[in-house]
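Shown below, as structure tokens, is a lone chain in the form predicted alone; questions about how it binds or moves come after it.
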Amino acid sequence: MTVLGIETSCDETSAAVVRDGREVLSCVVHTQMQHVPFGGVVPELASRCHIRLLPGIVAQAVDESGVGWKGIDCIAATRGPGLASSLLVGWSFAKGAALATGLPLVAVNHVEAHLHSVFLDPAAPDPAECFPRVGLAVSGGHTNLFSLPEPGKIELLGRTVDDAAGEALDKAAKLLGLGYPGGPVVDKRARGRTPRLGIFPEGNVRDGALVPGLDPELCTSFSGLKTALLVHVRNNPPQDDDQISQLCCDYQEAVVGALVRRCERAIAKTGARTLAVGGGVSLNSRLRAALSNSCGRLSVRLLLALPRHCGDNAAMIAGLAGTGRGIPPPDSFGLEIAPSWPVSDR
């Protein structure tokens, strides 16, 4: 099965060709930089950029794959979740391409695809060997914790009730005057420093009514963390770059600590022997180190995506579809985009 994947859920325009769910034959990603002056993604600008770039990016991915259109067995695209205007561009293009070529169309969930991204590494084990496992999808738009007890089964264990982890890092960078996107800058400024514990709250969810059906101990709330930084800066304005870097370290540690502790709780609750972590924030160096230490202590196998597959990319979309996941035809052709589409067993 050789799949052409299309991804336009936010501000990355991407197409990729993947064979048998794991072998990446090509992957083209264009990251939109026109949002930098605005300090965040502007949906209208993002969708216009997708419209302009996607046809050429798809053609490039097919050409670089070496198989041509005749070697494509299926087209897969992100149906959701994501920005509605961005999703509409990629999903509409995929429908049109499938109808024009007579190829099957598969609707893929963006968040679940992040969990599959760890298996795009040639050195990763066979997915069939990694059950039961816990999956953490952590990015600028999503912070979700899942249980995958067996093939074809996935259950949401926990989620953020407000800001995603990546969004919390971006907002901190903006507040400290470090620009956008801020997560990588916070990571860089924090390196080599020792965090002062207890400076910022962990982000516990104390009201179970906010997460009906979920364990509050496996959920997070990062909006209060951002407020705590704002209050701290107002009361103790940083005097130089050194103090700003220390604040980055302290703040990042609160985000990382919250994620790691919830992964540990999920592992204990499910008895998982593997932890798979995908999404843009999984590229954070402190998170990678903390997860490695935690999994080593718990004797749990840790799977992290290759850096080029951590952010939004079409290889993870094509890869997941190549394993048989997603909604296939004939149902797929009647589907509209789903900006809040939850992950399910299907």
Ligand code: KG4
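Not measured: the values here are computed from a predicted model. Numbering starts at 1 and runs along the sequence shown.
Another form, the form predicted together with this ligand, is not on view; read the next lines as being about it.
- By the criterion of a heavy atom within 4.5 Å, residue 141 is counted among the residues contacting this ligand in the predicted bound form.
- Although the partner is absent here, residue 108 is not a contact residue: none of its heavy atoms lies within 4.5 angstroms of this ligand in the predicted bound form.
- Although the partner is absent here, residue 184 sits close enough that one of its heavy atoms falls within 4.5 Å of this ligand in the predicted bound form.
- Proximity of residue 203 to this ligand in the predicted bound form: non-hydrogen atoms within 4.5 Å are absent; the residue sits far from the partner.
- Residue 281 is the only one of 320, 281, 277, 61 with a heavy atom lying within 4.5 Å of this ligand in the predicted bound form.
- Proximity to this ligand in the predicted bound form, defined as a heavy atom within 4.5 Å, singles out one entry of 113, 76, 169, 134, which is 169.
- With this ligand omitted here, the record of contacts in the predicted bound form names 175-183 of 175-183, 154-162, 231-239, 267-275, defined by a heavy atom within 4.5 Å.
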